[in-house]
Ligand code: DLL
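What follows is a single chain, given as structure tokens, in the form predicted on its own.
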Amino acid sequence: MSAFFQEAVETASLDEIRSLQTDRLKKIVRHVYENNEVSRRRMEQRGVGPDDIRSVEDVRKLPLMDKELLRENYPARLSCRPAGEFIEMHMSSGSTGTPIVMPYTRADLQQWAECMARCYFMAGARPGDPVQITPSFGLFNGGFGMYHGARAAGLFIIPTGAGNTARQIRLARDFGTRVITGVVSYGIRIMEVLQEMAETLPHLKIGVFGAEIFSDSMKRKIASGLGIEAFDIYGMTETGGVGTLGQDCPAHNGIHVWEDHYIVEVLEPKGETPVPDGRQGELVVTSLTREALPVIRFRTGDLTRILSRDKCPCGRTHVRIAPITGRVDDMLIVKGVNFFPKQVEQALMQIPGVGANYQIILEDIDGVQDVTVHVEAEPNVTGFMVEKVLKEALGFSPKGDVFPIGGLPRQEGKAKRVFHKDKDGNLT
């Protein structure tokens, strides 16, 4: 059986991809211009219209958009289709402020399912494989995205949703789950409960994880702990949901972006200047095939770089970007040192015996920001060992303690890694 869900387009030549992108960019810009007043006004203010778009490179003539623009136009004032055509909606998982809503037409759901099915096939799933979907089925797009894609790929769906890990393990054992999907931190939780129960899942071979920063060291830990091959899936509410942008392949050398559906640019963070391939910047995305609310030059806030535009050993020809290293707005500055939470995780995972749950706690002490790093670990791991590794990675020694495995709090859904301590000692 083919390793591709849609081989012709997944292995198309660069010229074929660029031609398709150009055609679709012209159509989507006209669609947005003619069907949404806010977007038309923004283009006119920039001095650009549909007739100015003649090639892929002309995408840079268009105005940039961001989360704030979507929030300002809540719930769907940026939509290009009437509400009567909506058949589903999801929204951002943020718990504060105005949410970001993504409405879907029937064609949008088909596009989402197609992208997700490609990801399943790329990970090695095949029709009939039991797939256990652990993200929640609700406003967060994860559960439904995995579901739509699994149906398109012909998989046997076990829609468990989030939580009740002991039951998850029993169902995986009883139904021979071969593929499991979830947020990164839930993969770690399954590992922990398996160890507590002294159980194994011999049929489990593939893990598709997303929604959180996924460092290489964390990927190796999950793969080793569950005895699987782990894949990093990418997508967001604004692009239409999980898997819409792409995933890494068995070569595990970057995330393939589905270029027939999206144009990606990498710009100077918070700026408009493109950066050369290989250099880190902010990912900007234009959706080419979504009907209800296509994003045009959307600033994702995610930091990445173009790894390669060449054909991959897996046979796919779509551009590969580096796994997301952090966000433009989550860089931490402590004692004059700039670093990202992912760097802490990468360092901690290098220590044998360290668990996957940790906390980065920031607090102001007499006007100076300080940081504490708490981590779970086996009894043989000492605070000195942790301090030494973090100093080598970050350039300074954060305070912190080592807790037994299971000693730090867990959260349902996405794991929270960075906390702020107020003057009363409360963590937020």
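Please read all numbers here as calculations on a predicted model, not as lab measurements. We number the residues from 1 along the sequence you see.
Only in words, not in the display: the form predicted in complex with this ligand, which the text now covers.
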In terms of non-hydrogen atoms within 4.5 angstroms, which of the given stretches 264-272, 206-214, 171-179, 157-165 touches this ligand in the model of the complex?
-> 206-214
Look at the candidate spot formed by I133, S185 and M191 and say whether this ligand comes within 4.5 Å of a heavy atom in all three of them in the model of the complex.
-> no
Since exactly one of I321, M218, A125, M236 fits, which has a heavy atom within 4.5 Å of this ligand in the model of the complex?
-> M236
Listed residue (R81, R297, R327, R305) with a non-hydrogen atom within 4.5 angstroms of this ligand in the model of the complex = R327
Any of the heavy atoms of S92 lying within 4.5 Å of this ligand in the model of the complex?
-> yes
Is there a heavy atom of D232 no more than 4.5 Å from a heavy atom of this ligand in the model of the complex?
-> yes
Might F339 be said to contact this ligand in the model of the complex, defining contact as any heavy atom within 4.5 Å?
-> no
At the 4.5 Å heavy atom threshold, is C119 in contact with this ligand in the model of the complex?
-> no
Any residue of 26-53 with a heavy atom within 4.5 Å of this ligand in the model of the complex counts; write them all down in order.
-> none
